[in-house]
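Before any questions on binding or motion, here is one chain by itself as structure tokens, the form predicted on its own.
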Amino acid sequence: MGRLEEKVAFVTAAGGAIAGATARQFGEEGAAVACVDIVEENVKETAADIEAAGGKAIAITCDVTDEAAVKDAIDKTASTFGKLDIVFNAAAFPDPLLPLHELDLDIWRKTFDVNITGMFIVTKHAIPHMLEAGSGSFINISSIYGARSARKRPAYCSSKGAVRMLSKSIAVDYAEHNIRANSILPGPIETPRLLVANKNMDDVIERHRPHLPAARLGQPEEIAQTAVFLASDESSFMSGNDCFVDGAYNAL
């Protein structure tokens, strides 16, 4: 028996590195997984990998800022697999590096639409299914920059701080219904997105070295392992927590 046997998970941004690794680990641990992403090709690949490993998965192409599409995706997940137990909220917008006075209002709004409003929409439509099931676990991806500032990322930092508080609000309001919510705050994780502003991964390590005692980047699978724990009954009394997975980044 896997740690998530007989559970059903809904994973956003499942075509990406972190959420893709999480969706695959959920599948390995026995969960049926709805892999959700705005890029059809990527999300189909993640779902195919889960099925090839002997798991159950469906691929759903969906924009998390489209409420009607999100509701349909969640309802499809529950109707396909019979219920909904776990939501992994990871959709995020790659905002440009700009100081606040140079940031276009449309970029600010887009960052918040994807990073926090999309999470609200997913959560809103998942909760009724969890209330019906009598339990549930939300795992929301914040960032180390939701706890400390980063230069030229006012929208990203603000939205990721909001993820933490949304998670705590969910935890408090639904605790009596056995529905939990926790946020994960990843430090620098080795994903292709890091290469947008850096030549290579060694440059990333050097840039972060003053705050990176581990002197290495984290791996997507290390976030996924944390998510499995938070999704499982092993963490049944954990809710409203900020889970730092950052190689002691926030400790300095």
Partner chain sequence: MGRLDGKVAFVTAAGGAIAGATARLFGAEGAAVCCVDIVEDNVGQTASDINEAGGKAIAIPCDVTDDDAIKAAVDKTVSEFGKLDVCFNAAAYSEKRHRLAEMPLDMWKSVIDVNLTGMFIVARHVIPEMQKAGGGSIINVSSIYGVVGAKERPAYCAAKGGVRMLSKSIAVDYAEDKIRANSIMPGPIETPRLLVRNPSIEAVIERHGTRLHQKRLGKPEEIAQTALFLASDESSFTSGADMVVDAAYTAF
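Treat the numbers as computed from the prediction; the structure is a model and nothing was measured. Positions refer to the first chain, counted from 1.
Keep in mind the form predicted together with the partner chain is missing from the figure; the text below concerns it.
Of the candidate stretches 169-177, 69-77, 103-111, 82-90, only 169-177 has residues whose heavy atoms lie within 4.5 Å of the partner chain in the predicted complex. For the marked spot (F120, L131 and A162), a heavy atom within 4.5 Å of the partner chain in the predicted complex is absent from each of the three residues.
Only one of T191, T226, N42, T61 comes within 4.5 Å of the partner chain in the predicted complex through a heavy atom, and that residue is T226. At a distance threshold of 4.5 angstroms between non-hydrogen atoms, C243 is in contact with the partner chain in the predicted complex. The partner chain is not drawn, but in the predicted complex it has no heavy atom within 4.5 Å of R207.
Interface residue remark: G30 is not counted as part of the site for the partner chain in the predicted complex, having no heavy atom within 4.5 Å. The partner chain in the predicted complex is approached by G218, whose closest heavy atom lies within 4.5 angstroms of it. Shown without its partner, the chain has R3 as the single residue in segment 1-24 with a non-hydrogen atom within 4.5 angstroms of the partner chain in the predicted complex.
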